[in-house]
Structures are given as structure tokens and as C-alpha cells.
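In C-alpha cells, one chain follows: the form predicted alone.
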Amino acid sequence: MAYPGKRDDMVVHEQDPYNAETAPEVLAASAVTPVDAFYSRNHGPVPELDPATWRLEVDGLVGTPTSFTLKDLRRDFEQHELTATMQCAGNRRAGLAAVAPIPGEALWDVGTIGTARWAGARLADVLAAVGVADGATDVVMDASDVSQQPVPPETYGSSIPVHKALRPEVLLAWQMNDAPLTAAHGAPVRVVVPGYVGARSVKWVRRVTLQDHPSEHYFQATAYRVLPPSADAAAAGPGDGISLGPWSLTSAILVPADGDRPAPGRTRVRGYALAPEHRSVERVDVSVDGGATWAAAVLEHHGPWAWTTWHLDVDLAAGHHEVVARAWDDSATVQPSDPASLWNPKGYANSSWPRVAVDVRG
């Protein structure tokens, strides 16, 4: 049975809490991901919040601590719209798990990513209204969902630097793809932090606190961190490893899928690529012989905070083919080729070349 509001072709990794990614061929079908197909990453049950009674508390190192209703936000702040991609920190983890086991983590493939049209108030405008005090370095966002993962259980929370929070692309969003947010995606209001891993785009936000240090929430201080390869993930504590924020240059192949058996002849290879914030994807190379030869794909850009989709028509003869892609950004940086060089005990930030194997029918 499909999860409420979700398609029945979602790739489900966990039912309770619900964690599911979008099927690759669905992602490939459009530049904007339908809400019912958009990936879901949850750490606890989805809370059902009443928009009429919901409040956003803004406090900490501010001039005037203030409580806002949804009506206040919609009335007092200009609505801004933005097309932006959201990507889970564990997207493409399966590629790292092929190097060495990653126990206790969902083996996400290429579908914990999606692009949507978001609308809401700029977080910067709300912070300007309350006044940012001297000494504030981080904006902490508390949510309403409760996770059993930490001991003792706690609500979800994370933080971003003040300099990012004051950027015009960061939203307190109440709309997704021209419709009110659904409960599954953070209704009535969520944070959208383009260019950062999805863990920083807090759903069901209820409090924003300015302080002089990053969030001490489990999901900021302990969970979403890249540990050294030799580390014991189960024993990691607050502050260990590297905190995940801005994402890396990456790409993925959506079509064909690994293990496909297409007919010989013309085949369209399709995928997506992402560049780090303030950079752009400039080229995607595709190989159908394991990297021996390459051809440049056709790029389709969808905005400064959205993915670049790409495609290339290739002729495949009967037999085995390894399809590989690699993206370049405007600094002439290219993705690392080897997933083994990126392996970490929690399987985050796999930005290595994507590879799929296909056997063309004879």
C-alpha cells in the first residue's frame, strides 16, 4: 500500500518512519519533480500540525524576540518563489556500500533528490524584522517531529551559518509546486536552504534561534557528519568528523538503469548534475565503454539553485557496456572517479563518477 500522498512506485526503504526515494525513470521524466513522487527522508513520525494554531518563535541573539503565525508571515512579508533542488546527504550511498558495508544506514540509490518550485518568505526578511544582534554566528532551526534515534529521543533540529541564512535564496516556505505544502513535506512551513544537504532544510519548523555557536541537536552535532574511514560510526560523538553543509559537485545516470537489457541501436542516456553553491555545471561527459572514450552530453540548465539535467544519444551494439558520466563545473573541477577514495562509515557525500552496466540484446 502506498504512503498517503505518495505514488505506489516510490522505492521504499523504511515504512515507519517513512523513507522512500523517487524511481530514476520518474526523475528523468521532468525537470520539476511532482510532489507525490518527491523523496521522503524522515527521522520520526510525520506530525500533523494545524496551520491555524501553528507558531514560529524567533528568539536568541535578536533585537526583539517575536512569535509569528502563518497569517503574519503571509501578510507581513513578500512572497518569493524559487526553483531549487533538494538532495539528501546520503544520496547515492549504495555506490559507497559497494566498496565496503555501511551497516545501519539506508542504501539510497540516485533518487533521494528532487527539484521543486518553492514559495514563501525569505528567512533574511524575517530576521531583519526582529534584528540580528552582534555576536550571532548561527541560526538554529527546531522542528516538531520527534526521533527515537538519539538517546533520549529528541525533536529534529539543525543549524546554518548566519551568512547563509541572510542569503536571498533561503526561504520559510509554505508552498511547493504551486500548492500548499503537504504534511509529508513539512506543512505548514519548512525551511528551504538551496545548495546545502537536505538535512539543513528543516521541515515542520517551529523555532528559529540565533546564537554564537552551531546547533547542539543530535542531527547537527553527531549524525550528519563525515567520519574518517577508520572511525566507528556507532561510537561517534558530538563534534566528530566534518559537518555536512554545502553539497559537492556530483552527477547521476537515471536512464538506462543498472542491469537494463536494451535492444541494439540508438539509446538516450539521461541524468542530472549538481554544482556547489555559487558554481555552475559546465560540462557532462558520458562514456559507454567504461571511460575509454567520452562524448559531451547536451545540458539543460534550470536555474542557479536547481540541477542541470543532461542527455546524450548513443549507439549501442550487442554486448556488455559500462556507462559512465562525469561532471565539470565552472572552476574546471571534475568529479572524483573512484568511490573508494570517498568511502566513509556513514556513506555520505558520494560524488564519484556514476556507473551503470547494461547488456544489449543480440
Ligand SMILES: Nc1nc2c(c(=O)[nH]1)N[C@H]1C(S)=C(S)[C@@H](COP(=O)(O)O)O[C@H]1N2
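When you see a residue number, it is the position in the sequence shown, counting from 1. Small disclaimer: the values here were computed from a predicted structure and weren't measured.
As for the form predicted together with this ligand, it is not shown, yet the points below apply to it.
Of the candidate stretches 271 to 279, 120 to 128, 138 to 146, 92 to 100, only 138 to 146 contains residues with a heavy atom within 4.5 Å of this ligand in the predicted bound form.
Using a 4.5 angstroms heavy atom cutoff to this ligand in the predicted bound form, all of 40, 190 and 199 count as contacting.
Although the partner is absent here, residue 185 is a contact residue: one of its heavy atoms lies within 4.5 angstroms of this ligand in the predicted bound form. Shown alone here, residue 247 lies farther than 4.5 Å from this ligand in the predicted bound form, counting heavy atoms only. Although the partner is absent here, residue 210 sits far enough away that none of its heavy atoms falls within 4.5 Å of this ligand in the predicted bound form. Using a 4.5 angstroms limit between non-hydrogen atoms, residue 173 is distant from this ligand in the predicted bound form. Between the options 88, 255, 221, 162, the residue in contact with this ligand in the predicted bound form by a heavy atom within 4.5 angstroms is 88.
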